[in-house]
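A single chain comes next, written as structure tokens; it is the form predicted alone.
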């Protein structure tokens, strides 16, 4: 261990309450990486399980003084390597900062610490007759801090938007340990640059978020009507998605699962879905009364015009909920089959059919099994590239397919990530998507906010070839 590392550990032990700091190698190793398959990770010097902003300040001040990297971490459910350890870093685990500080239905806002689990916030808001819309598939486990760090979306984001649309303000530890409050509590405000918005999606590269104020919608979530469509091919299902967008229909959800996902869920939970469809498209409308019925009718027309082999509105609420539960189960079901490299590209909705066709072509070209789930209504596709455990050649083919899918998304006017973040896996794609001048602007912002260069170095804008 270097002298700097020893000095850092001594200072951390002196500056933090005893239960906060973990240095035992086996204990530390549990925090070293997120859920991103094949994203590299290093060996952290220590883990600080912070319980307060003061704890975070103490860690950042010591690390800034000694030049020690700081990597913030939530629940570790990320899929891009954004929370992965760097050799010699201090990992700040924010899971212990899990208090809901305020739910205020009158002002339509809530204030939470970053370790609050998404579903727990949603449940607390329901008790106050309010609703927090962002609902990533990982909502039972992922934290609000992590959702903010990656600008997470979810099933209902096609109509209600993503995390950025609901973050009013936040507290963060930046620079050499300064605590700043960004944003506002008011419904409107344009004083200065939108520095709060800058932190949303910053993946821990600008500082450590220690408190978040989110906007709520009034009232409870409206009941939803569900529409189901079966399709023989991904492209036909994609044509239905494009038709929905062209018709001006904005459903409260429009989700896609292909035969690989359906089979995996069936083998795990025996739901009987894969026997009936190659591709399943699930639509929902929460518009009230006659408007909702009209939306459902429009969805059915779009499904049928695109070649659905069967389509119908669900009359069984439990059956409809089970179908959407299958959507959330798809990723863990596929993980049971082997390592899963998860894509997260987003394309214009009119390009969804072509992008789905290109994904199938990449699978054939690289002899790789690719399953598909998607927030299809907003063009956010999640190809899941599956390889047999321990098959190195299959892993290399999978990574080539991954690169081709990223390139195809960019060529169609899309982006390399819709909601999972760049982290480590998408750095090459980011440099292909953004011009050198724009990359330079980002790097200048980071240098201004993080003069010591300690916050999550190497992530997002790091060298894509390393």
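Positions refer to the first chain, counted from 1. Note that the structure is predicted; figures quoted are calculated from it, not measured.
Although it is not shown, the form predicted in complex with another copy of the chain is what the next lines describe.
Only one of 268-276, 105-113, 81-89, 222-230 lies within 4.5 Å of another copy of the chain in the predicted bound form by heavy atoms, and it is 105-113. Taken together, the three residues 191, 195 and 205 all lie with some non-hydrogen atom within 4.5 angstroms of another copy of the chain in the predicted bound form. The closest non-hydrogen atom of residue 138 lies beyond 4.5 Å of another copy of the chain in the predicted bound form. Looking at residue 348, you'd find a heavy atom of it within 4.5 angstroms of another copy of the chain in the predicted bound form.
In the predicted bound form, another copy of the chain lies farther than 4.5 Å from every heavy atom of residue 329. Taking non-hydrogen atoms only, residue 449 approaches another copy of the chain to within 4.5 angstroms in the predicted bound form. The single contact residue among 180, 340, 394, 124, judged by any heavy atom lying within 4.5 Å of another copy of the chain in the predicted bound form, is 180.
When another copy of the chain is considered in the predicted bound form, only one residue from 298, 242, 100, 323 comes within 4.5 Å through any heavy atom, namely 242. Residues are counted as partner-facing when one of their heavy atoms sits within 4.5 Å of another copy of the chain in the predicted bound form; in 352-377 only 375 qualifies.
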